[in-house]
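Just one chain is shown here, as structure tokens, and it is the form predicted on its own.
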Amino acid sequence: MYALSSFLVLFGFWLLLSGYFTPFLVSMGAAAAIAVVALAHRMNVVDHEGHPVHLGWRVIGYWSWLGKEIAKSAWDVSKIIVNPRLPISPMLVRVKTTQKTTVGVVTYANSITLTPGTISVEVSNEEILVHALTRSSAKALLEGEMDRRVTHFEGAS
């Protein structure tokens, strides 16, 4: 199941990026996708963590929300940079994790790092140590909206 799904995603991505649909190039794309899946299978990484098919369509909703949050944070950080007083208040905060799986915790930590103004410094199953550029970005993390969304995304709630 995971191998077939991995092949379809890789081949579809190759077709999307290629834009050429001659028989030779399509067959080379399929061969490349098969080779990557075979190598991943041999390395024993074709599993629910390597290719999380179980997340399904929730990925679209989560990525769209995360994209909006990244844009908002980028705008806030840009305003701080151009402000002559440079109003920053860097701090380290610990945020609790409610995710039940390793994939969920890693998704949460990566989502924090993708959002401008925050970086995941240390990750454990219970909490994440985060460096925040401002008090408002730290407060937003502590309110837990991102944590709730990642938990819903992983399917644990």
Partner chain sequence: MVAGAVDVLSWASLVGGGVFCVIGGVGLIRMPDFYTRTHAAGVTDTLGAGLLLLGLMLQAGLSLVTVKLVMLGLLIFFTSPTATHALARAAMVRGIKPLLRDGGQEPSKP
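Residue numbers count along the first chain shown, from 1. All values reported here derive from a predicted model rather than from experimental measurement.
Form predicted in complex with the partner chain: not shown, discussed below.
Is there a heavy atom of residue 135 lying 4.5 Å or less from a heavy atom of the partner chain in the predicted bound form?
Although the partner chain is absent here, residue 135 would touch it in the predicted bound form, with heavy atoms inside 4.5 Å.
Evaluate residue 110 for contact with the partner chain in the predicted bound form, applying a 4.5 angstroms cut-off between non-hydrogen atoms, and reply yes or no.
Yes, residue 110 is a contact residue.
Is residue 65 near the partner chain? Define near as a heavy atom within 4.5 Å, in the predicted bound form.
Taking the distances in the predicted bound form, the answer for residue 65 is no, it never comes within 4.5 Å of the partner chain.
Is there any non-hydrogen atom of residue 61 lying within 4.5 Å of the partner chain in the predicted bound form?
Taking the distances in the predicted bound form, the answer for residue 61 is no, it never comes within 4.5 Å of the partner chain.
Counting only non-hydrogen atoms and a 4.5 Å cut-off, give the residues of 113-141 close to the partner chain in the predicted bound form.
Stretch hits, in order: 113, 114, 116, 117, 118, 119, 120, 121, 122, 123, 129, 131, 132, 133, 135.
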